[in-house]
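This document opens with one chain alone, in structure tokens, the form predicted alone.
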């Protein structure tokens, strides 16, 4: 090869390398994405302009328009825009063509790495919607001339509907398009079936004949007219001589909700010989879309015994509380759905995660060579084995050996360093014997470890079909099986390991699993991050999944003092939940929620749906160093008692020492995860046995669930993946605020009202007092929320209200009692205070 050819080849390689670098740094991708977005906006403006300039845009011969500069168009975007808009609207899809720029805009955002919506699902929905609506409009309006030359559906809709009508007739085409529209509506909104059923029920009610009540001989036309007047809440012209005729009326609450009760009349006392029941139907009709658990108030007076024909429910003369509850259960037969408040919420799509495909696999040659080295090393020490087999995992390979009869296990276990030397391995771990098997295990690290992606764990059937309350996908075991556990059964989890060995990734794997599986109404997260950088990304899901105390500005808790308040607030929440379980006569949160969902618990008695609360604490050692006993005491209380009421702890630390992981914590954290540590003592502190010091790092971990010890390669979740997930959730409609935990007042601050000077009242004192009396609820969070003020100022106002005798003292988890019952008494009190 000549020198000139070599020079040319080098220049070509340099150009290719430079082009690849430009492509890799994202400049080309950014330019393409921006171009698509600008073109989408241009096209949208052209289509909108077409609605006003359609007469001139349809009248041109386009070959002459582009060949002559003297011809002008009226479209706002010029000749090109007029051409595209006429092609898409008139010659294409009609009114539905306005969705095409939105498709281009979505593609442009995806090229720029923005994912506001799932690309495949949204594109499929938009394309099908454009095509279907074009055909429907073409069938409905035909070839109507005007703003759309081929009708509202464009030429596409007109000719397709015309072709369908020629094959199956207009009536057949109508039913096919109606069926397709219903299927399309159901596919994009799961509540469509509910609305269809509701509409059909309303139509059926119009044709349904109402049952007539049987009448006795004494029920004449005059009594019927008087009864009809009572139904209309009018005074009858003539009052019948009937004593104590009870009437069932709807309460104000029921009237506001649209409840209608038909009149119920009793037998006249003047005809005791004609003693027979008068049966009339009671029609309960509720117009609320989402029914609360209980919509019917208990009657304020005893009801007469009446049989209901349709529902077969008996209102007894003197009902006991159990009978009233049973009656309400029958009336409210539908199950309560806690997810209806955020019924439009969508779980993150699996496409947000990266698929880290790796070509690293243990070769057959490596397996055979390692087997021979193990057998030869044991033979050198006169240890015979009967068989050896290998099980390949993502990070390590397990070699199971069956020793010959008479060989002591301790002899093999003592050769750990010798076997590691012969294999030239980073570090091996001998399991002698393997629990449940008659073999001895030797775990040998692979020369090229494989990466386990979170995508492979979450899309596996084991995770998707898991019926756990709080499923967590942690990674893969040595046998390449997906490792999925239930946090609710653990019930708390301790994560420990040296710096840089995978603790933060492990926490992200736990949180990602929960976010992919649970609805915001079913799960709340309390996040404590003293380092201020590990859990910051999850602040975007504050209005969906996070919980905090009312005086916290940031849902991710970083201040040590706020951590103390939050943990004590969780203890108050725990006590409050136990009171609810006691009233409901159940033992755990699962039984309680099942009873609440089946509408056997009355919200008027304080019952509510209880979401699971997972408390994630990173860098627990730092909290113990700065707060000590103030942190350890509520942690111990929660660890000992919170399992039954759905509060679970996940604690991570990089200092596995005995003054951090104390005996109280270890006793209440049977489930522990150990990443690589530097010494056997640290391993014993975490797991009560060695092994963590022999791990190879980079997500390699041992998880202990009681007596079982499993080696798992933790699934990898990178920061951009977490960011995409939180962005997807945060961009959806959420609750108005984060889940608010009970207020916590430290000891010594509860009697602050005793030192309050009422002559220096806050400017909002009078308005806050009126708010408290009107709502009959005294809390700092209510004042803070209504007046948009800080927690400290709201707390001072509450102290002043207590000193003035408007509200009672702080009572822990219970709400403050409002001592003033009406506004008139309040005004007298305020006047006295102002006249001092």
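Positions refer to the first chain, counted from 1. Please read these numbers as outputs of a predicted model, since none were measured by experiment.
If you look for the form predicted in complex with a small molecule, you will not find it shown, but the lines that follow are about it.
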Quick one: in the model of the complex, does every one of 534, 699 and 716 get a heavy atom within 4.5 Å of the small molecule? yes
Residues in which of 542 to 550, 83 to 91, 498 to 506, 604 to 612 have heavy atoms within 4.5 Å of the small molecule in the model of the complex? 498 to 506
Partner-free chain; cross-checking the small molecule in the model of the complex, the single residue of 409, 123, 680, 451 with a heavy atom within 4.5 Å is 451
If you check 685, 704, 397, 654 against the small molecule in the model of the complex, which one has a heavy atom within 4.5 Å? 654
